[in-house]
Each structure stands twice: as structure tokens, then as C-alpha cells.
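Two forms of the same protein chain are encoded below as C-alpha cells; each is given separately, as structure 1 and structure 2.
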Structure 1
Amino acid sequence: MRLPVAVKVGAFSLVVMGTYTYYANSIPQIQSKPPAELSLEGGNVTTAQLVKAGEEIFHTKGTCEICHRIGQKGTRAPDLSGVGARAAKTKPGMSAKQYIIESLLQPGAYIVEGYPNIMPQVDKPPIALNRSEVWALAAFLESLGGNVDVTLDDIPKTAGAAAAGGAPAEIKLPGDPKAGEVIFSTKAGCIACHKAGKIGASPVGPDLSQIAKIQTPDYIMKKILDPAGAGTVAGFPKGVMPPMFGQSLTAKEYMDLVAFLLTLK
């Protein structure tokens, strides 16, 4: 018996769809997930495991690579090659682990010559590492040329308090990011010196594509109004960023610009 053409076509379509479905479901699916929170309190961990965890934090959640390099000069912050050995000689009376921990939790306590005071506290937003993560990161930094002897007890129990309750609440400012993007490219003229994601390409000033990932809203707001007071990023000329945005921009334009910069993550 001859089957109608419509039936043949329908049957063929089902076979093709079934084949594609089978192969599609056999392909491993890639999911985008936020960085997992590390917790080592009360658990046993070897030095090697701790250093490995710290290295991963350095490259991911800690966002350290945005400013620092290992084995080459960074644009915003010092080269960390050999920091585990240098740290013991940086501040008299301080061991390597003490200096490294202070540098992570109170980065403004000691500023390396030639670099501005722009590093945020790693246990506070926007980075917000918890106590275990600070411990692992300190261990990794110690391992760069030094001996790892940092313990969890060396990390203050108050470290990471902002991260302990989960992700920090997102700060909402009364600005329009879309309008701020226009201000960035036109009236403020930021595009003449800075790159911000797909916008701009000038190397005169630092790349701002991830500025909200490494700096607080407070820093960003102050930097626009008082660029010299906030320090000049290492490797870039001083006094280039104009200090008159507080007068040239309206209050709305200023808040719109800040709102746009806070989207750059």
C-alpha cells in the first residue's frame, strides 16, 4: 500500500528531529555560575590544596589580575613575583604573612612607592572575600618566593564579615546608565582618554572596562570630582584628567555618569 506523501514527510521529519534531539542532549551543557564561596573553617586542608585554592581566587573572585601581574609589570599595581620573600623585608618587625594579610585587609596601611592608594579591602564589597578565601589568597601570595606558614588563626575573625551573610546588596544610585554612557562619550569627553568595554580605545588613561569590579562607588564618585586627590594610576601621566567635572556637569549628568561606570563589570 502506498502511503500518502504527507505521511511520508511527517515520518521523515520525526526521524530527523529525534536524531538532532539525541545528539543535542548528548553534548555537555555549559552553565554560567557565580564563583563558589570557599569555606575552610573547621576542615582539614593541606598546604598544597590551600595554595591551589588561593591561586584560583587570585585569578577569579579576587579580581587581583585586573591590577597585578606575576612576573611582569602591571599597569595599576606592583608585580607580585617573589612577593612571598619580599614581604618579610618590607616593613620592619613584620613577618611575610603579617604584611600580606595587612595588604589584603588594610591596603592603605603601606603604599609601595610609585603607586597610588587605590586598592580596595578584599573582604569588603565589591570583592567581598570571606575569611577562608582571605586565608587561601594569603597562602598563595606567600608561596610566591616564600614559605607558606599562614594559618586560619592569623586571619582576623572579623575578616569577611561583609561576605558572611551572602552577596552584598547592590547599591542603587539615582542615575540613568544609558544617559551616562552618552555623557561618557560626548559632554564629559571621557572617551578621549579611556576605554570602557566596547566604547573607546584610547590608551591615554586606564581601561575602565571592569572598574566597578575592583572599586567602590565612593571611589568612583570621588575620582570624577577630584581626580588628583584620588591618586594617579601607575604607568599613566599625572594631571591629565581635568578637575572641573563638578562645575561642567549638572547634578543629573554626574549621577548618570556614575551609574554608567557602575555597570562596568
Structure 2
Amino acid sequence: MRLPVAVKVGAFSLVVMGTYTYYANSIPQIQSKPPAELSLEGGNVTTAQLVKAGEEIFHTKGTCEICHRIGQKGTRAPDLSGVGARAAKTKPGMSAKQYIIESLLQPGAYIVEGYPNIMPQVDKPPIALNRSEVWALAAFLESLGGNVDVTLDDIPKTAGAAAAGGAPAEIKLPGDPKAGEVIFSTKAGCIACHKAGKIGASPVGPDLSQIAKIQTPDYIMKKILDPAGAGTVAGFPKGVMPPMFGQSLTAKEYMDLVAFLLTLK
């Protein structure tokens, strides 16, 4: 079973804060002040801890799984399994860590063939990771098939500057809700079965007017791609919601649609 995000992040913060406190205590002059968000700067973190931290960020704050999976094809972005190995060969003259850092901070600098240029800069809102978090994430990606050799000094000092002062408490996803509303009632045809606030009236599927209040973004995103795998809503027939939206919608249409559904509360 997956733990709720808050619990996982909470447990992880304790580890980081413990490390930080240990370090601070070993130098009596430095005042021990627990960081409000993940900060590894100055901490004597081990490679294993760093990779673990990056993995947590991948699954939680990074929201990477909206688009990426590890070891699974057919999503809207490259499968990241083995990226630590292939990163060394992707761009001539660039090491694995250089390529990985570039793909996080300037995703548009190199576009993997066959994919649209839709990846957000991870250190800018809405994802807004700080410099330590980018470091941990790069270490995690290197660990997928490669050697972890990235250091904090490899991450530009400017990384995460926009995130300073605290990331928004609410997860904000890229996507245009207005465009998503149009997809809902035209190309995707959700409106044939669902009511959604002011639009639609069909009783075939559940009324989605409050869906963002009652369901997590994670669930909503999964339900569109894999209706059967997300579980069937009680009182409604199984297998009626079409399973092919992952193929028929483009990545942008999907993100816009999700953005629209997240306004329904």
C-alpha cells in the first residue's frame, strides 16, 4: 500500500533534519535551526540517503509521474528506466550528470525524439524544487542504471532561486483549464457521460462537478488513462468508461483536461 504523501515526506524530513542537527551540533558555534523545507546544503548526507531523497521527490513534490514512468511504456514522456546509463551517450561531449541536470533545469535544450516540448523547468513554479531537491533528484536519476557522482557544486547556484520563500502549498499542474473544458466537451467527449459544473447533464457516469474536492489529482489523472485500473465508482457500471484516452489525446490535451477537472470543486 502507498503511504499518504504527507507521511512519506514527514518521515523523510525527520531523517534530513536529524542529519542536519547532528552536523550542527558537531560544530558548537553554529546554531541549530531545522530547515523548513528540504535542504541538504552543509549536511553530510550519504549517497544512499541522497538517492532515497530524490526518489521521494520524484514520487511526490516533483509530480514527475504525471508524465513519466520508470519501466513502463505508453505514457506521455520517455520511460526513465536506464536513464542514468543512456544519459552519458545522449549529447556528445556531455557527461551523464550534465545531461540529467540540463534536462531538469532546461528541458527545452534537448528534446528527446518523438516527444513534445512540454516538460516544465523543475526549479520554477508550479514544481518549484529548490537546489538541494534538484541535486537529490539528479542523484536518483543517475542511480537508474548509472553511477551516482553528482555533487551539490554541479547544480548551478541560481537553480531554485524562484522557489525560495516556499513553494505553493497546493500542487499546481501545468495545463490550461479553459482549453481543457473544450476538450472535455468536444474531442474527448466526456460530456456524453458526465456533468461537470455548468456543462453537461448526462447521468451515465458520476457527476464530476466536485471531483477536485473529493479526489486527488493522482486519482483523476490515473482514471482518465486507465479507468478500470483506478477502480470502479460504486453504483456505476464497470467497463463503460472508455479506456483509450491515453492513446487518443495528445499530451497537451491531457494536461489541459486534467487542469480543467482540478477546477471542479
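We call the rigid core the largest set of C-alpha positions that still match within 1.5 Å between the two forms. Reference numbering: structure 1, starting with residue 1. Being a predicted model, the structure only gives us computed values, none of them experimental.
The chain as displayed in structure 1 is taken from the form predicted alone. Comparing the forms between structures 1 and 2, the C-alpha position of residue 125 differs by less than 2 angstroms, with the core used for superposition. Positional change of residue 216 between structures 1 and 2 reaches 2 Å or more at the C-alpha, relative to the superposed core. Relative to the superposed rigid core, the position of the CA of residue 232 differs between structures 1 and 2 by 2 Å or more.
A C-alpha shift of 25.4 Å is found for residue 243 between structures 1 and 2, based on superposition of the rigid core. At residue 192, the distance the Cα travels between structures 1 and 2 is 7.1 Å after the core is superposed.
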